[in-house]
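Given as structure tokens, the chain that follows is alone and in the form predicted on its own.
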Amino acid sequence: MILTLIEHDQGVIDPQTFGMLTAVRGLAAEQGGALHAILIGADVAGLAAGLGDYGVTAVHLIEQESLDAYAPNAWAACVVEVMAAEKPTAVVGVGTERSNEVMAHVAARTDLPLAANCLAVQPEDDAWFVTRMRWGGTLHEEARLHGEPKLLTIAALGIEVETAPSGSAPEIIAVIPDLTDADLLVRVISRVEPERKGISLTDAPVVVSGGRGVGSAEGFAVLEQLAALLNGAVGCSRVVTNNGWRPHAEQIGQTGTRVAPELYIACGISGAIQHWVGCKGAKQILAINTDAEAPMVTKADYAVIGDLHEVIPALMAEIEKLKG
């Protein structure tokens, strides 16, 4: 049996979790075992039923009022408790900041190795062969993961989510955790939500992103118009936020947001490796740049060599024609 950690926040399962379940479902089938999930929170039972659509056959449900907010030590304690009772072959999370944090605590509590942000997993007799992202995705490392059970997280951004052929409501197994005050010492106690206008970067089917070549904060007006026309969102490179042209919340890259839209339009972005890490999950990349040798241009699926302030208005005119 493979045990998976379901990441959720404010009543919504993180979409990357479904990508992880899609990947792990095949792994569980190869191992000849079932796919179980652990769901932790104060009022999360309603999230369990839908997990059957992704191949989960049983959900270990941990509902406790003290778990109303995210607490990494407490989540890890719950995972370890279920591990001890169920003896899974592997425990798998999604490669997000939160799940990586929880799984790191699980590894520390059990004195087991953890392979984070795995891109591929191949079970072997006594160790699993994994390929994982290192250095923010700029390096892929091949390694053998030992330990019983195996602990890993899956880099699920960009995985095509697929439902199980014969999904059904999973069995619910109620678990009452033995938590201490120390487990709950670190927890979320308040939130300051950023002001959001329109669709978010992580949900947008199209991201129109600008770099140094945009020239100024005012230069982003045409990018906003193109994004609105395509029902997309505006992003930017690090140099743009450093110059104060756009907020950090819009930064794409290793130290910003990682996106995987259907189309990523890079406008005036040279394409430093840190930025490429944030956008390489896009299905298609279009680069608009005056420099034909820019890294973003050479890596993109399509490129237009020219001044973005001339290219984008012409592009919008053609799109409006097609829309009638």
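Rigid core: the largest C-alpha set superposing within 1.5 Å between the two forms. We number the residues from 1 along the sequence you see. All values reported here derive from a predicted model rather than from experimental measurement.
Quick note: we don't show the form predicted together with a small molecule, though the next part is all about it.
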>> Partner absent here, but in the model of the complex, which of 271 to 279, 39 to 47, 54 to 62, 23 to 31 has residues with a heavy atom within 4.5 Å of the small molecule?
In response: 271 to 279
>> If the criterion is a non-hydrogen atom within 4.5 angstroms, does every one of 17, 76 and 101 touch the small molecule in the model of the complex?
In response: no
> Which one of 187, 212, 144, 109 is close to the small molecule in the model of the complex, taking close to mean a heavy atom within 4.5 Å?
Replying inline: 212
>> If the cut-off is 4.5 angstroms on heavy atoms, which of these, 223, 252, 118, 90, is the one near the small molecule in the model of the complex?
In response: 252
>> Under a 4.5 Å heavy atom criterion, is residue 308 part of the interface with the small molecule in the model of the complex?
In response: yes
>> So, residue 129 and the small molecule: in the model of the complex, are they within 4.5 Å at any heavy atom pair?
In response: no
> Are any of the heavy atoms in residue 239 no more than 4.5 Å from a heavy atom of the small molecule in the model of the complex?
Replying inline: yes
>> I'd like to check something about residue 290: if you look in the model of the complex, is any of its heavy atoms closer than or equal to 4.5 Å to a heavy atom of the small molecule?
In response: yes
>> Superposed on the rigid core, does the Cα of residue 20 end up 2 angstroms or more away between this form and the one not shown?
In response: no
> Comparing between this form and the one not shown on the rigid core, is the C-alpha shift at residue 290 2 Å or larger?
Replying inline: yes
> By the 2 angstroms cut-off, has the C-alpha of residue 38 moved between this form and the one not shown once the rigid core is superposed?
Replying inline: no
